[in-house]
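Take a look at this single chain in structure tokens; it is the form predicted on its own.
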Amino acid sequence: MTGVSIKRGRRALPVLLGAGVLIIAFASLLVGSTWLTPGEVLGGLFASGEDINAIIVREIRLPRVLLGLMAGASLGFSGAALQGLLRNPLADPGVIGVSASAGLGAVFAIYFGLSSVFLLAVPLLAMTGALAATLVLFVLASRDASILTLILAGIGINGLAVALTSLVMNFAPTPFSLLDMVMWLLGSLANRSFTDIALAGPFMILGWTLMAGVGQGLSALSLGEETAQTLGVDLRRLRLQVILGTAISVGAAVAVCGTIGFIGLVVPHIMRHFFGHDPRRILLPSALGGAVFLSLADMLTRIPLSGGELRLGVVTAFVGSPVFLWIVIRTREAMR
């Protein structure tokens, strides 16, 4: 009976996580420089005309909340898939270099002043940088490269992108453009609109679609590559699905939100404590958990501070860093 109760509890957890996403999303609509009551939020969502609450809720907060949910889900989903593919709980979407490449594209747009000419210049060039890194990874994965080769390629892409980003920032034409670069790299969901969702949303959904069917293959891979091949898993196709799905969805998220770390690393690890270590079972929970994590972090950034707005990447780093150190210590103890 105890085993049955545990199984039922685990089956109910995704439902609870889904409910948590809805609750956090609604709570996010309440928080801001102007705090709203639940009644005002509901009125703003369904009101007609140019009501002030309708403008605040529908035009300012709703796209921010939706984009945060989608970006968090992309990071959590990708982190779980990558950790399953690499069979390493310390793997992170940043390891493949897509986040840094997207950041490089955004910095280029700010350096040349394109953002003042065309509002979508920053996310478009960030997306271009992410797709360029994705193309390199696709070529390697399509040639049946090993996992080690893909990791090393990702580290190389990441290092080159970071170096070029530092070079561009070093030659920033004005202190104001340098500040814009730094602020963008720190991550934020402020001033996002449905246009940003229309730009990045299809790519995130495409990435989710590519990774939707990898659960069974990742579960087999956890037993070893030879065992997985014996069970009929096409490792080349599995690598392509995970690497491309991660690159596309994370690249799209970074393109509109800036660089946000630790979610793809921390959330899957937390989910394993509730759903077990089977990679297939933590994919959906990690996506939902990532959405909750990022939404909560974004709510913290909306708290007014005398020194200015708190950036999203700073909040996730403050929460994620201690958890990361805890994961490293636990992993080291387990290896003894």
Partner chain sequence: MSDMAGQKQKGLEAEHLTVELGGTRILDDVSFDVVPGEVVGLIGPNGAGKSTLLRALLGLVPTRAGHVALGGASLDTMAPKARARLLAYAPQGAPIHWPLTVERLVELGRMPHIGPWQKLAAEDFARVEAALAATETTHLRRRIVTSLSGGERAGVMLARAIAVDAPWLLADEPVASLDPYHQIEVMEILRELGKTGTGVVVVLHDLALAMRYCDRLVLIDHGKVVASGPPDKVLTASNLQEVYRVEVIEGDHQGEAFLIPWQRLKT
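Residue numbers count along the first chain shown, from 1. This one's a predicted model, so the numbers in the text were calculated from it and none came from an experiment.
Keep in mind that the form predicted together with its partner chain is missing from the display, and what follows is about it.
The chain is drawn here without its partner chain; in the predicted complex, the stretch among 295-303, 62-70, 33-41, 280-288 whose residues come within 4.5 Å of it by any heavy atom is 280-288.
Among heavy atoms of Gly264, none comes within 4.5 Å of its partner chain in the predicted complex. Residue contact with its partner chain in the predicted complex: Ser193 places no heavy atom within 4.5 Å of it. Contact check for Ala100: every heavy atom lies farther than 4.5 Å from its partner chain in the predicted complex. Its partner chain in the predicted complex is not approached by Thr128, whose heavy atoms all lie more than 4.5 angstroms from it. Shown without its partner, this chain lists Thr174, Ser146, Asn170, Thr230 as candidates; in the predicted complex, only Thr230 has a non-hydrogen atom within 4.5 angstroms of its partner chain. A heavy atom within 4.5 Å of its partner chain in the predicted complex is found for exactly one of Gly113, Gly213, Pro202, Gly156: Gly213.
Residues of 78-98 placing a heavy atom within 4.5 Å of its partner chain in the predicted complex, in sequence order: Gln83, Gly84, Arg87, Asn88, Pro89.
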